[in-house]
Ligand SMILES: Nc1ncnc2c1ncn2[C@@H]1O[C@H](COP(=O)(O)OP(=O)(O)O)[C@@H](O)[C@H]1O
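Here we start with a single chain on its own, the form predicted alone, put down as structure tokens.
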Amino acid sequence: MKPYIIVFGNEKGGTGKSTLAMHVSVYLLNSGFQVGTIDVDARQGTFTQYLAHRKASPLSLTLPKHEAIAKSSLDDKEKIMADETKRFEQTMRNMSDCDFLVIDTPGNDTFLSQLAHSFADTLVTPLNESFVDLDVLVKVSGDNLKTMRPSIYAETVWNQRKERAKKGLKPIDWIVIKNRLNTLYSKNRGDINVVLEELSKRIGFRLGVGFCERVIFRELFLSGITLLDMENTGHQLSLSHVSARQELRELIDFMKLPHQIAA
């Protein structure tokens, strides 16, 4: 059996992809699975840097098998695609003994990102509750909030789904996650929920909830730890931390990972 592949993707930066990828990876590691992680956003490298901080920690922390894949330095489009495909597929072979692969992608459209999406069993797309973020999924009428047409990223995922169908592969389980949430209700939040609910039925994704916006995530990055490590590394847990861990557990449950390997 090949590893089960979870891709965090969105053609918009700042939505919390790397933070979610890190926490899901550590959850799976702590559940006893062999986990591989791949960063195809090597230029930004947030996922890779988070893991580097984790590796450098004096604490005893679980670590995945990790590789970062940089964009090709060649100058011919066909050669670039061939080079990046070769290196991506080699990385996948290097991770073939893992139960799960967690892949973080850049906040823009690259060939490496498209490759990663094409392998996804589960695709997690985090969105901030903003019509700016929503614009990568759907064009919305400002007059009546009607969804006019799927936007660039939704079309990318749709094309990958078609390619998988041609190859006889199972469909991508696409999950859109409302992430970095503000705890206060607003009309903007209500409007976005209406649009997302309608869009989920139209283009076929499951709509879930990620993390609320918390300062702790920025503080954890430099130490390389996650919410799941805090209790075992001498950190005092606040009610906010406990709530955030519960949000992670609820997200994992919502992802419905294969029963034969899910904790």
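The first residue of the shown sequence is 1; numbering continues from there. Keep in mind that this is a model prediction, so the values were computed, not measured.
Missing here is the form predicted in complex with this ligand; even so, the following discussion is about that form.
- When you look in the model of the complex, the only residue of F217, F205, Y27, F33 with a non-hydrogen atom within 4.5 Å of this ligand is F217.
- This chain is displayed alone, yet in the model of the complex one of V194, L222, A56, C212 has a heavy atom within 4.5 Å of this ligand; that residue is C212.
- Figure note: of the listed segments 112 to 120, 173 to 181, 83 to 91, 68 to 76, the one touching this ligand in the model of the complex, with heavy atoms no more than 4.5 Å away, is 173 to 181.
- When this ligand is considered in the model of the complex, Q49 lies well away from it, no heavy atom lying within 4.5 Å.
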